[in-house]
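A single chain, nothing else alongside it, follows as structure tokens in the form predicted on its own.
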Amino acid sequence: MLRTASWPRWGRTLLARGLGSRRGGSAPDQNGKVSEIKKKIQSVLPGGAWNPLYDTSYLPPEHSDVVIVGGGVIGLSVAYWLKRLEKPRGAIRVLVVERDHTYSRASTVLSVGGIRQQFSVPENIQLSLFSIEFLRNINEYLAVVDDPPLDIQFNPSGYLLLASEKGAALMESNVKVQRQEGAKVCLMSPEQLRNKFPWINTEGVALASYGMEHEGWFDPWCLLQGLRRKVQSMGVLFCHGEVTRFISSSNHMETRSGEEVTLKRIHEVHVKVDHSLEYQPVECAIVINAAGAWSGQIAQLAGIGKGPPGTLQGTKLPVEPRKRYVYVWHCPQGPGLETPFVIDPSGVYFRREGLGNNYLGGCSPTEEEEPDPGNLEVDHDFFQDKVWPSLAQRVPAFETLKARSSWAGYYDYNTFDQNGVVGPHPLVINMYFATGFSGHGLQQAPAVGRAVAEMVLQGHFQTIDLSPFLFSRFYLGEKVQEHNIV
């Protein structure tokens, strides 16, 4: 019978003592015993080499203090900060479970790689300011001895947001908040806009905001691989497999109002590895749900949302996959090397891609136009009908563009308020969330990873207070109103 992970009864703080989920003696003792057994077997077998009959290196360990479901950039960031902030070194055993080891469907690598501070919610601005500092000094964080330095190809061209007469007052209000948080953003009149970017048609534009510092775009794949390389050097374990089940225990209690609630604690994660019909059970103390577009399904596996409607137990994690298209086009007469990341009032966005007169962009569909997320096929008519007309209206040179390529990727879309979900679940008390960012998870991943690690290790947010992003807001009906969602 498996021993459950030790854990303070009501505490959120993950103490070194509470983290220990291994049976028996310490890891060095166990390793010593295994070594002695190997020596004895070698002494009686011909040849002398230790050749186990079956390779089990692909299996996850039987015990891990923390299991992170999802090995994208957010899951890896959580792993990084857990190991970086742990005391003493080597105190925490971290396992990352990722079912798509090629990352062919991962939101991270299919992103357009932008980072901006031009949000309306202070916490979103703070997250991006922290993350840009991380990216600008990436080799101070992710350097690995004897490996080449990372080059994430950061392009500091900034974001240019355009507002119609209807949206001008809101843009002014947003910029005021951004400046209060330390972001360097300027407002531009249509005349100033034409002077700086003469290729823009300012018809219908009443005001523009432009990020003068710490905005632009970078290579998402490089960040992903840099984080993966670093956390492996820090001792983080990886498993290519799928989480199929959680084993948990329950405690029933009554609130002050007399409502009975059930508290759950996950003790074991079942991981089905590739090319196998069986699963490997992993005892654990903490589970991090960083499964991106599929985090809602992982929450359901843990029993979240399976209760009477209108109750905390019946409140689901409102995160689902939404498909988004990205198109690449060529235009020799286009805006050129000084092109910022432009967001039009219509919702269409574009930026320069490389140095060869190529551009990429797209537009989020309306609720009525949402495509089937069951595949990653691209709708080329959407570009012709919805994207290109707005591009050509805003940049007349784009009337002669030639479409080159396209792809589709997933948003981990929070249907409640399109903002991230960060921190513990109030009833499944050892499941933590890092998901639901609805398109801005990549740019905020370094800060989100630290926030989750702080909550796990210290029991509260320290660097940035992300209390508005807790799961409980779904039950309370308290939306985080972010006006700058792209």
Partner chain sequence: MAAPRAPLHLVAPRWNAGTRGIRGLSRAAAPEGNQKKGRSLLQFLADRFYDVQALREYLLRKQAWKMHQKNRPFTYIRERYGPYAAGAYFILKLGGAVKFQGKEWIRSNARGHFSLDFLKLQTVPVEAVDASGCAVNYQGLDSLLALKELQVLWLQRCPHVDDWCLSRLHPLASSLQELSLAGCPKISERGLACLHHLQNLRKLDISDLPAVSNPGLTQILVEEMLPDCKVVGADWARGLKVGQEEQYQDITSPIPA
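Positions refer to the first chain, counted from 1. On a predicted model such as this, the values are computed, not experimentally measured, just so you know.
The same protein has a further form, the form predicted together with its partner chain, not shown here; the description that follows concerns it.
- Screening Leu376, Leu263, Ala143, Ala206 for any heavy atom within 4.5 Å of its partner chain in the predicted bound form leaves a single hit, Ala143.
- Residue in contact with its partner chain in the predicted bound form (any heavy atom within 4.5 Å), chosen from Asp219, Asp100, Glu172, Glu369: Asp219.
- Contact annotation for Glu213: at least one heavy atom lies within 4.5 Å of its partner chain in the predicted bound form.
- Though the partner is left out of this view, Tyr279 does not reach within 4.5 Å of its partner chain in the predicted bound form, counting heavy atoms only.
- Although the partner is absent here, Glu338 sits close enough that one of its heavy atoms falls within 4.5 Å of its partner chain in the predicted bound form.
- Contact annotation for Gln232: at least one heavy atom lies within 4.5 Å of its partner chain in the predicted bound form.
- Between 321 to 329, 391 to 399, 150 to 158, 245 to 253, the stretch whose residues reach within 4.5 angstroms of its partner chain in the predicted bound form through a non-hydrogen atom is 150 to 158.
- Residues Ile132, Leu135, Arg136 of 117 to 136 are found to place at least one heavy atom within 4.5 Å of its partner chain in the predicted bound form.
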